[in-house]
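Next up is one chain by itself, shown in structure tokens, the form predicted alone.
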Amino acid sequence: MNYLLKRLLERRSWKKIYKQRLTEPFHLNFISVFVYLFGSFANKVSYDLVIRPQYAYGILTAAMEAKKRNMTKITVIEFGVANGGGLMNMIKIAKRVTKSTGVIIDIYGFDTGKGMPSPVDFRDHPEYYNTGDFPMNRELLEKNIKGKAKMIYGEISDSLKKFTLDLDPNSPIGFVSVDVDYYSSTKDVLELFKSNSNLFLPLTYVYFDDIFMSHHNSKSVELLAIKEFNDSTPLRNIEYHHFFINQRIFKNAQWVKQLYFLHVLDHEERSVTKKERNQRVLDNPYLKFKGNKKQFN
């Protein structure tokens, strides 16, 4: 609650509330008060009443999908931990998701541990980011996440291969947050999605933090890395779901346009017909059945 109060005291939080929340229909905001006071965790996620709703939605939905498949664990990852606010929020959300679904959440954070590396070229926007930006208080962070999440330090290009080799397929990746700012670093992150298909849910949720920024474009940073990834991997596709916004109660929230879906097209589940299921039959309200005879209205 203290963290929530601290966030509400920030000017940027009120600007966000004004632009994204108070522009929504009054009755939805009114209902939100009762959901916040009396609703379940899942309901609060539906009404965007959890700090970092993108994390809450991604982790909860991934856990629910895993549960449908009789899985007991999933893996979630944050690339670009910086001082750890996002990772610690992820820990809090994971605890509530486990309580709600019974699915255990394995949490990993990737970071250099010493701030951003040097930019490569214009695609990294060196005019906005610099070497050493977003440093970490490593000792303090490790103390607070001990036993709850695991940090992996170093350059992503060096640490990712060993990580995927050690990853347990019984805890598939269900949600990934990408907040590494650079094109070059994002490209390294997306190498993760070329790993064995059994390391992922067939539909994995990926949140891209920086694509909303006006100076980011399809020739740089995340959008360029996504395009190049899709062009190079015919059986893996990172795609924005244009109808996702229609599934949300609050449609002005910025994060709904930052959440992408990784389609693992070579996943076993996508290539094998389910053997045991009932035949699907479409209803036709214009037809009446009398005995074995069909009659048209």
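So that there is no doubt, residue numbering starts at 1 and follows the sequence shown. Not measured: the values here are computed from a predicted model.
Omitted here: the form predicted together with a small molecule. The next part is about that form.
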| Quick one: which of 94-102, 211-219, 192-200, 80-88 gets within 4.5 Å of the small molecule in the predicted bound form, going by heavy atoms? | 80-88
| task | Could you tell me which one of Asp121, Glu155, Glu139, Glu127 places a heavy atom within 4.5 Å of the small molecule in the predicted bound form? | result | Glu155
| With the cut-off set at 4.5 Å between non-hydrogen atoms, does Val180 touch the small molecule in the predicted bound form? | yes
| query | Are any of the heavy atoms in Thr204 no more than 4.5 Å from a heavy atom of the small molecule in the predicted bound form? | reply | no
| query | Given that the partner is absent here, does Thr75 sit within 4.5 Å of the small molecule in the predicted bound form, heavy atoms only? | reply | no
| Does any heavy atom of Thr112 come within 4.5 Å of a heavy atom of the small molecule in the predicted bound form? | yes
| query | Would the small molecule in the predicted bound form be within 4.5 angstroms of a non-hydrogen atom of every residue among Lys161, Ile238 and Phe261? | reply | no
